[in-house]
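We give structure tokens for two forms of one protein chain below, kept apart as structure 1 and structure 2.
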Structure 1
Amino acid sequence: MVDAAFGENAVPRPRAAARRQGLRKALRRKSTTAFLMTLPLILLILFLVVYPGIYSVHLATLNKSMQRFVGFGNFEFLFKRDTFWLVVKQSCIFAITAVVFKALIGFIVAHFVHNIPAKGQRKWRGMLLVPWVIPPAMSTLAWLWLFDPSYSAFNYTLASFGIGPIPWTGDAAWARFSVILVNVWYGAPFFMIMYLASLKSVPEQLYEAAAIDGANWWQRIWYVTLPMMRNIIAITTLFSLIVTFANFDIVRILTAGGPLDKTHIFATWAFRVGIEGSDIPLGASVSLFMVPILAVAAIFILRDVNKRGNES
């Protein structure tokens, strides 16, 4: 249709006018076309994300056999259970500790990689990013084997230093340490690569100016690098907080919540209660407790993203 306006038929009219009309026509059709192009995306979001989200709230108000409306009954039940508060505590410990260590390690490693000559960076970056590339379910199995109670490679190595066997996944405190360790191992490369990208975007002149002014290494990091990276640090940390808080694979495979539910986080406990215990409403209620924290993090990220969008 648009082509027709430009084609042979348009010859009688002055060319410029025809072109303008064609453009206007194209613009009028634009919104329809655009809508059709985004329609699959809209349907996907509506039916497979928004609707399940709302449905989850509805499910959370039903009783176990899903025939009776119980209002806030499931939530009242959860509040009275010690396991629930254990899960809340463990989720917070897990997410906050893991994210802090991931961010620290990522920041430090990014600096080291940035420090070495550009020629060798690719090789190091490749090796350091491997944990992020392996599917977490697969690599957690390797960790499980490294932590194995009787044939643990870690305990074998520690024994040669005279350090006694450590019950990596058998003891509550060690199990908490182990799940966090594996999560840090898996997630630190993500921070490393994000920080490296933003380090590269800091203009070299700023460091030269700081060096001429007599700034030492620490001052250069504090007054030049950190302010320039602030946005990336904030957005990466918040994003990782969401992902870590909602983590499932690592805890599920490594400890399955044990010993004595001490390492359950929201996702694994929701699975245990909702799917394995077939109390779907209660499981839905458990996973809904992630929403407030995710929402707060999302609001901050969104503010940051919009700010960036307005600047450009």
Structure 2
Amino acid sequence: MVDAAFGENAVPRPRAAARRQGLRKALRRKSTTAFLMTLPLILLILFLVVYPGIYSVHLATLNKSMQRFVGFGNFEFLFKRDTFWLVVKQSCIFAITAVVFKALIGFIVAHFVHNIPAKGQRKWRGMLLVPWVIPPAMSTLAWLWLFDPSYSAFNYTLASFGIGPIPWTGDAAWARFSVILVNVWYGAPFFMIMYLASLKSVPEQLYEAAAIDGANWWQRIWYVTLPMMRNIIAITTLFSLIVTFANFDIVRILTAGGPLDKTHIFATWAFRVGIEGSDIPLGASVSLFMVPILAVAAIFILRDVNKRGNES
């Protein structure tokens, strides 16, 4: 009886030891350690991104009083409004135009800084990053003073050249130009610093080989610089496109969507109908419409990045 009892109790001990040993091996794996170290960030993203996203989808299916399920009723209502399609067009124009100019200016300035001697680069990088470091709300308030219809510094300067006052925020075309200008001024330094880091990773031997082959300045950029930077350009463009589509403070402070809703984008119009109009489900529906547009852009850009990665 005693031997049988000891025999039965002796079986679980090797199993428990094996489990402890397996746990130790798992904890020693780099992948497990990396997962445990990133777990707080994963939980934070789930709490701050995934949960609000799911809740927004839930809100978009409710009526104005948020007491009755209406399904796609809010989207059907939006599709019948001319203002909504105006906002879609303006958001696309605003985001695409701003990102193109930010990428172009960032690329040019990055080459300018890259060709400066190493001792002077730190000073230039610090000065050129100032627009990106300043909080957008504060810098936009300064731009609002520059665009002021009565005391505009721009109009004062233009008047000395005999050019009449420009309604920067009073005319639809100039208002669109103004919000795009401020967004480009704010976001171009981000492209500059990303492109500058990418330029420093391009081997100098490639430029020397191209120069020996007789390539001029433009050919070196087209056949050496751009192919080596294509992935960074694509990822930076995608990130900036997402941020620019979701921009709120610049348009809100400069024009508040005016004149006559001609500068509204998704974020500001969602605030107008959702918060100011007391129709939160409709505002959630407007904001969710950005998702398919950005998803299509992300699919095309990331597919191109993966394709080039597989080729290399």
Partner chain sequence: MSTLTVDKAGPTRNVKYGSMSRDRAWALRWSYFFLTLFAIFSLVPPFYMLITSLKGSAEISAATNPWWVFHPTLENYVGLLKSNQFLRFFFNSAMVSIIVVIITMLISIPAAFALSRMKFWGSATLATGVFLTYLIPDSLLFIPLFKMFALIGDVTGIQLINRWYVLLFIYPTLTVPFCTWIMIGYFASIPKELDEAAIIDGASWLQTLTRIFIPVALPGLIAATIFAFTVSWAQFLYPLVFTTSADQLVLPVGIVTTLIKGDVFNWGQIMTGALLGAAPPLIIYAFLMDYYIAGLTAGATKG
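Basically, rigid core = biggest C-alpha set you can superpose within 1.5 Å across the two forms. Start at 1 and count along the sequence of structure 1; that gives the residue numbers used here. Model, not experiment: these values are computed from the prediction.
Notebook entry, point to check: The form predicted together with the partner chain: 1 or 2?
Noted result: Of the two forms shown, it is structure 1 that corresponds to the form predicted together with the partner chain, while structure 2 does not.
Note to self: Given a superposition on the rigid core, I'd like a yes or no on whether residue 37 shifts its C-alpha by 2 Å or more between structures 1 and 2.
What the structure shows: Residue 37: C-alpha displaced by 2 Å or more between structures 1 and 2.
Next item on the list: Could you check whether the CA atom of residue 297 moves 2 Å or more between structures 1 and 2, using the rigid core for the fit?
Entry: Yes, residue 297 moves 2 Å or more.
Margin query: After superposing the rigid core, is the C-alpha displacement of residue 260 2 Å or more between structures 1 and 2?
Written below: After core superposition, the C-alpha of residue 260 moves less than 2 Å between structures 1 and 2.
Next item on the list: Superpose the two forms on the rigid core, then give the C-alpha shift of residue 48 between structures 1 and 2 in Å.
Entry: Looking at the C-alpha of residue 48 between structures 1 and 2, the offset is 3.5 Å.
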